[in-house]
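Have a look below at one chain only, the form predicted alone, in structure tokens format.
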Amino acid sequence: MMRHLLATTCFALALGAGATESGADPYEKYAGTTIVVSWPALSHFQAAEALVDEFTEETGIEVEIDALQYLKLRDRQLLEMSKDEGEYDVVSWVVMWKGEYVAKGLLTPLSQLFTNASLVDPDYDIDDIADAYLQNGGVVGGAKGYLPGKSGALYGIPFGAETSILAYRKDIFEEHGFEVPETYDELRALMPEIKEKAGIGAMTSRGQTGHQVTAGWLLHLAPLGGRVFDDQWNPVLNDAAGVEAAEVMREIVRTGPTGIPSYGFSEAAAAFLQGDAAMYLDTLKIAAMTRNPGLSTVDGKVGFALHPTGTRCGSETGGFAVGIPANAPNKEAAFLFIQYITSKHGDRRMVELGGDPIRMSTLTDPEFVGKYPEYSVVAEQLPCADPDWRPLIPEWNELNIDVLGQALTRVITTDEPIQPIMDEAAEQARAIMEREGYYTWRDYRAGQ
């Protein structure tokens, strides 16, 4: 396992940095403890390494980071968290994994730690964390098992969370008099116009077979009023909204840069960053990428706007959250670490270090809004971020890749009628849900 030990300081320095005026130090009990953190080798988490250094300097709690390639992270975490006593004290998960982790009893309910007055910083202010991020990444057990509700419980805090916004080339829009689309009707009318008048791909998109093309479709499904399942787990991905979202995908491919059917996230972003597309509708992470000279040729030419609306507003919810395994050896020190990196101070430091904020106070801070023009857009977008943007259930991986990921490839690479393609996908989805027992109670009552 590749692991690196971040900088540590002596016990005396930790006490001096962390002490209050009265001399009480909430970290003193844990100074010298080493916690092990599992998270992905992605840019937000790489930026967080300096913040982790600062945590160690202030608290005396040492931190080892096990940073793994994203696609290897889940298997490694499941292995460690399934042991009687695991190696990890903190784990970071993609929002799709939270239900599986809780269903298997692998996570510690954070309420156990938030009730400990000696651990909880009274200035932490969990209500300041964006609701969409907190519910999407950290709450399990509410409606449908993954949505907010009275039966839900908190297992994680968002860290590296995201929603979707529209990025567009200001220079191209100004040159040709294009209006920034606010609705899907305007977006669909604009795409062929950009292709014809500007001679550039209108919009880039993920389109690679499997979960990438599904992610592209989901971006349009929510604002167009669609869902993958209704409240009784009946597949509704083939209703009018689902078909319209698929039609939008087909139009994006036909008016966009060449190669969308092979684009994953990186390729779709690169097409915008290298000037091959006039618009990008996906994660807010594109904003920081436009300012990175190693990635972008369009810095200073990009504007940001809200995700267009259809029958409603509905942007993406996704990214990562952090929590504590049920078998963690150092739960209290782990909680102090999570609290530190997601606190108001920690959130501001993450921005300064190049990461993404999770708190509304950070997104609306005039200092940051003046420097990062997307922040005001994100703050306005978050109330529309859809916690049911995709079903966060254990079966989602199969549905995402093997069902929708195959059907939507046919949509964007052929001229076949879309409705039959989506009908077939809905039948396959229903068979999976039947196999996994989602209709047990319905069938039981029908037989009474």
Partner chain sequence: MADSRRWAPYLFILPAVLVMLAGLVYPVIDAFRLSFLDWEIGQPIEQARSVGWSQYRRMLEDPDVRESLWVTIRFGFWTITIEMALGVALALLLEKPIRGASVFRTIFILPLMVSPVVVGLIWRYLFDARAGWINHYLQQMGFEPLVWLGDAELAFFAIVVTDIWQWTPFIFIIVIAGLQALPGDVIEAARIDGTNWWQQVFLVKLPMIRSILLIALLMRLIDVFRGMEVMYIMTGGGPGRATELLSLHIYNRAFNAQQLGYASAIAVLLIVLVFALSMAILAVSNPMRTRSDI
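For clarity, a rigid core is taken as the largest C-alpha set superposing within 1.5 Å between two forms. Positions refer to the first chain, counted from 1. Everything numeric here is computed off the predicted structure, so don't read it as measured data.
The protein also exists as the form predicted together with the partner chain; that form is not presented, and the subsequent description refers to it.
Interface residue among E244, E332, E100, D365, judged by heavy atoms within 4.5 Å of the partner chain in the model of the complex: E100.
Think of it this way: in the model of the complex, the partner chain has a heavy atom of just one of N116, T258, S151, Q232 within 4.5 Å, and the residue is T258. With the partner omitted here, the stretch from 25 to 33, 41 to 49, 382 to 390, 399 to 407 that lies within 4.5 Å of the partner chain by heavy atoms in the model of the complex is 399 to 407.
The closest heavy atom approach of D75 to the partner chain in the model of the complex falls within 4.5 Å. Under a 4.5 angstroms non-hydrogen atom cutoff, the partner chain in the model of the complex has Q274 among its neighbouring residues. Heavy atoms of R188 never reach within 4.5 Å of the partner chain in the model of the complex, leaving it off the interface. At the 4.5 Å threshold, heavy atoms of E193 stay clear of the partner chain in the model of the complex, well away from it. Each of L79, K104 and E267 comes within 4.5 Å of the partner chain in the model of the complex, counting any heavy atom. Relative to the superposed rigid core, the position of the CA of Q135 differs between the shown form and the other one by less than 2 Å.
Taking the rigid core as fixed, one finds a CA shift for Q208 smaller than 2 Å between the shown form and the other one. With the core held fixed between the shown form and the other one, G177 has its Cα displaced by under 2 Å.
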